[in-house]
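Here you get one chain, nothing else, as structure tokens; it is the form predicted alone.
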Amino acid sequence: MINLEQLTSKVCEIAIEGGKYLASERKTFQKDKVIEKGSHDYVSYVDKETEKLLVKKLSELLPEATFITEEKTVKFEEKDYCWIIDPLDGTTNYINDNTPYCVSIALSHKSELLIGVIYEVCRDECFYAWKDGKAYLNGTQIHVSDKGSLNQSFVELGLPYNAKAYKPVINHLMDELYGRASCIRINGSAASDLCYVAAGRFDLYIEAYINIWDFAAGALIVQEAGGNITNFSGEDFMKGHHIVASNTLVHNEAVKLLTPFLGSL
């Protein structure tokens, strides 16, 4: 029987180690070593080397687990336990010496999320949660906000790489929320956005065309902090590639905004 609290503590250490490597490499980072793997979707040796470090350390923790990783430095195998890794969430921020960027690690068992750990490098903040164990930031329990309407909300909107398909959605959201919500921000890191919802810094986060390694760890942290996370239709966020994360109180309002686009994403 796995002790999730103890395992989470060890995963935090590994995430922080990966983050320290990112911070060290950032000091001498050279943009000419960046590869564009998709339209405005970048990768560098830093992503890959960080991923290799994480895979090695996590393999030692739980040898029976397989991996789903963004940079695919390790082959996926069908196993009950699975580590879901984004070695550098916020790559474009990192390349341009901007903030935030994170290391994100989740553990699932037969598709059920058990552990979520995200280390936000720039603020030296480690967010973490384990199933039925609450959510924490650097040892202190965190909870979502208590804002009761979109009119009061501090909203985070993601801008995915699939600009052509998502442009009608983001234009609609900006039209509906700009001047109505308390404030709107775009950070460039899905992992940190989810953590900020969990910590009550944001009340709502919406994004589409993102992958499981972008949101798995953060999703559990939001849930354990008392928040809600679904897809655009208000159903299981693990089905699909679009998510709405909130403090729960504004969730239904937010999902209603997305109703016109349910068949097009």
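The model shown is predicted, which means the values in this text are computed figures rather than measured ones. Residue indices: 1-based, along the sequence shown.
The protein also exists as the form predicted together with a small molecule; that form is not presented, and the subsequent description refers to it.
Proximity to the small molecule in the predicted bound form, defined as a heavy atom within 4.5 Å, singles out one entry of 174, 159, 183, 165, which is 159.
This chain is displayed alone, yet in the predicted bound form one of 118, 129, 88, 194 has a heavy atom within 4.5 Å of the small molecule; that residue is 88. Taking the partner from the other structure, the small molecule in the predicted bound form has a heavy atom within 4.5 Å of a heavy atom of residue 210. At a distance threshold of 4.5 angstroms between non-hydrogen atoms, residue 49 is out of contact with the small molecule in the predicted bound form. Interface membership of residue 224, defined by any non-hydrogen atom within 4.5 Å of the small molecule in the predicted bound form, is ruled out.
Interface residue remark: residue 106 is not counted as part of the site for the small molecule in the predicted bound form, having no heavy atom within 4.5 Å.
In short, of 80 to 88, 175 to 183, 132 to 140, 146 to 154 it is 80 to 88 that has heavy atoms within 4.5 Å of the small molecule in the predicted bound form.
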